[in-house]
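Okay, here we've got a single chain as structure tokens, the form predicted on its own, with questions on binding and movement later.
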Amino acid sequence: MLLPPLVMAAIVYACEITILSIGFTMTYLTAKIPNFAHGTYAGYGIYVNYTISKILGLNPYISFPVAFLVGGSIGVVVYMLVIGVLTRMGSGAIVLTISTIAIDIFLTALLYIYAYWLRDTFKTYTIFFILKERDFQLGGTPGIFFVALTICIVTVVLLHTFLTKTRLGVSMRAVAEDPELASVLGIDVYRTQLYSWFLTGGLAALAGAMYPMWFQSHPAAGSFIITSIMAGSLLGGMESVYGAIVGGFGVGLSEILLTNRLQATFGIWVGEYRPLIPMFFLIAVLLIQPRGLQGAYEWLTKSKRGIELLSKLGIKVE
């Protein structure tokens, strides 16, 4: 193996949290609300993989593009039936945010129903499972390690190209910046929102499809990692997709590696408190720099004290 299994697990998890944090940030930019159902989209990706690989007996990697389409479709339906309707009714950010919590509960319940239906119909275990046995090996290393890293890098590159080089991507950025002005300029805001929700839902389900290839999964697994997703997005700065890349990867790595270090120091029981690590990031960012890495970067490059600090380190700011 190229790396210790723990480090590889941390990298795989970090890649998944990065993709999820990117989608969470994009939803926040376009809809101006945190989507608490975003993690549950990943849960649907988990069960798309389970259905294709375990029930149908096909290669689990076939499920990845299918999961993207399923997650994207769910995102579009959620926007059309709930978010879009409430927005046209004049609902504020608080009502819209609460509606995403209700959506999360509803979608998670549907996943539990589907999981139990699979169990009763196919007589297979559908709760707390891992699909590692379905993976391939490359030089003694699980294939998902290379696939997850590749998908994460390709997603970042393609997303950058999409947002900066394509008409639809530029329209999404315009809608995120100022929907009213974008509408005046002739951009179909509603259609652009639909495309945005399709993209973010698809990315979330894609990350979810990778999840059971290494980690134990269940219907609420996606919902359980919403704090990690939010922490990654907030650390990067909620208004920066590129910041979400750094924040998501940092939170994902820290959550596993720091938990392991704490277990080695204080005992195995610390593992039960792993979900507190992203909460620590959330609290620390909110207390120190609410705008995350983006705010820290602006402080360093634009404030007098920040420029002085960089000058002492030998870094010139133009």
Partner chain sequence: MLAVIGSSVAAITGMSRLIVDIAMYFGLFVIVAMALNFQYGNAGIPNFGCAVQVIVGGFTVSGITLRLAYWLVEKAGVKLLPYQTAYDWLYNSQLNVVAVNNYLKTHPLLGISLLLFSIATAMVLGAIIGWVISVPAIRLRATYLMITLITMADASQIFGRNIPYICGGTLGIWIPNVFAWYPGDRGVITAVVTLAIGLICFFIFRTMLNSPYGRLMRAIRENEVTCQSVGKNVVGIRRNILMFASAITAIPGVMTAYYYSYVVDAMYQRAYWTYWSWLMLILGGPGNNAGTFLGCALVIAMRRVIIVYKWFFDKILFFPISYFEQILLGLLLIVVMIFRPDGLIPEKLLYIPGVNYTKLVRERVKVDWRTAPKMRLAGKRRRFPLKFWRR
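Residue numbers count along the first chain shown, from 1. Being a predicted model, the structure only gives us computed values, none of them experimental.
Another form exists, predicted together with the partner chain; not displayed. Remarks below refer to it.
Review point. Does F36 make contact with the partner chain in the predicted bound form, using a 4.5 Å heavy atom cut-off?
Key: Yes, contact at 4.5 Å.
Check your understanding: Is there a heavy atom of Y28 lying 4.5 Å or less from a heavy atom of the partner chain in the predicted bound form?
Key -> Y28: contacts the partner chain in the predicted bound form.
Review point. Would K165 count as touching the partner chain in the predicted bound form under a 4.5 Å heavy atom rule?
Key: Judged by the heavy-atom cut-off of 4.5 Å, K165 is well away from the partner chain in the predicted bound form.
Exercise for review: Indicate whether the partner chain has at least one heavy atom within 4.5 Å of a heavy atom of P65 in the predicted bound form.
Suggested key: No, P65 sits far enough from the partner chain in the predicted bound form that none of its heavy atoms falls within 4.5 Å.
Review point. When the partner chain is placed as it is in the predicted bound form, which of 53 to 61, 266 to 274, 252 to 260, 66 to 74 ends up with heavy atoms within 4.5 Å of it?
Key: Flagged stretch: 266 to 274.
Point to revise | Proximity to the partner chain in the predicted bound form, single hit among L138, I153, A174, I105 (heavy atom within 4.5 Å) | key: Spelling it out, the residue with a heavy atom inside the cut-off is I105.
Exercise for review: Note which of F146, Y242, F129, Y190 lies within 4.5 Å of the partner chain in the predicted bound form, where distance is taken over heavy atoms; exactly one does.
Suggested key: Spelling it out, the residue with a heavy atom inside the cut-off is Y190.
Exercise for review: Report whether all of I94, I98 and M238 sit within 4.5 Å of the partner chain in the predicted bound form, measuring from non-hydrogen atoms.
Suggested key: Yes: I94, I98 and M238 each sit within 4.5 Å of the partner chain in the predicted bound form.
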